[in-house]
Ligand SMILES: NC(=O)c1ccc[n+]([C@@H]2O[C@H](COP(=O)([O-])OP(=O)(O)OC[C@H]3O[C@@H](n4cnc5c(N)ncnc54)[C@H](O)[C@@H]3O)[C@@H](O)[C@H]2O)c1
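Read the single chain below, which is given as structure tokens and is the form predicted alone.
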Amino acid sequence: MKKLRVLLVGAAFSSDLHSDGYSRILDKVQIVGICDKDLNRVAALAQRYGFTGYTPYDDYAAAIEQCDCDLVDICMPNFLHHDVAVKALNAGRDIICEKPLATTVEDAQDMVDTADRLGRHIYYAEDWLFAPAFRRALEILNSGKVGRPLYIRARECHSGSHSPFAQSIKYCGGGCMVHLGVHPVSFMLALKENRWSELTAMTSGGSGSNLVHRQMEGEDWAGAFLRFADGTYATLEANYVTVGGMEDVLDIYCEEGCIHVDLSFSGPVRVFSLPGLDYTVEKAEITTGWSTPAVDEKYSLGYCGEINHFVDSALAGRDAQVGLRGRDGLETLKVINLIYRSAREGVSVKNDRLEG
């Protein structure tokens, strides 16, 4: 069986998430190169996940030019997504790109246009769409046993990004909405095939107007209300003011029932510890007392499923499912920018591009 040859660009946080997924499907994928300016991180990542036979690189331009690969997996800070992607696409590679697709709509559009012109694929890494609990919720919804969805509420929140790049709009593209809210926005757009009709939003404003993180240029709280073409309403929230660990929550209210999913804190294990555990869930500040430690967290959050889907899609030479394509990442970024516009100008924004 032909293996997909992957070059990992970046060896830090998001690369760790993707590498866990690759390590489970080494029968059909081979990591042939790992690039990071810190070669010690490259070696540590490879050792952690058992990657062998790869070439280490400390410069992404050289890596893309020299590495004999089929796909480039971009796990870099947001502001580098565009440059790495365009270079990889022009080298004839398909790409996986972490969220958000870029820091500006213009850069994201250029990425999508470049891929279309060259006949390459952009796989947009939105893990919510492969989170097993969310997929089960959608199976129940699609079964018709709870009736037509009327209102959906989704949020991702935690106490603040660990990344220094998240402090600056130039490097990140915004605040918590583009960094965390990108997940509920992408999820809802995928669920409704990008057919939104109107949105209204508010944010904390950024910098001195923020609730907690006044050193951060972007907002630390944001909420958006969307109406979709089929009449469904949604509330989408993101914030950096939630302590106690990351929250990924989805509530679906239907004509004949409702579905509630708590992705981060639902689990079969409960522990009480006086000295504290080594780890419980992402972003948990303390681990003493009672806690619910995550069980196979990367799998539960959807990273393994999305990586497997991308590998299968690339091997078959086909696009990813709706919500995981480059144009879906572009649409997500467009909507987030309109959320920022709505909050900044205090206006409701209608979708003039919605087709009948």
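Predicted, not measured: the structure shown is a model, and the values here were computed from it. All residue numbers are counted from 1 along the displayed sequence.
Here the subject shifts to the form predicted together with the named molecule, a form of this protein not shown in this document.
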property: Contact residue in the predicted bound form, from 213, 99, 82, 121 (heavy atom within 4.5 Å of the named molecule); result: 99
property: Option touching the named molecule, based on a heavy atom within 4.5 Å in the predicted bound form, out of 88, 224, 75, 111; result: 75
property: Non-hydrogen atom contact residue 163 with the named molecule in the predicted bound form at 4.5 angstroms; result: yes
property: Touches the named molecule in the predicted bound form: residue 219 (any heavy atom, 4.5 Å); result: no
property: The named molecule contact in the predicted bound form: residue 17, any heavy atom under 4.5 Å; result: yes
property: Contact flag, residue 155 vs the named molecule in the predicted bound form, heavy atom cut 4.5 Å; result: no
property: Which of 63-71, 47-55, 290-298, 29-37 sits within 4.5 Å of the named molecule in the predicted bound form, heavy atom basis; result: 29-37
property: Interface residues of 302-319 toward the named molecule, as seen in the predicted bound form [heavy atoms, 4.5 Å]; result: 303
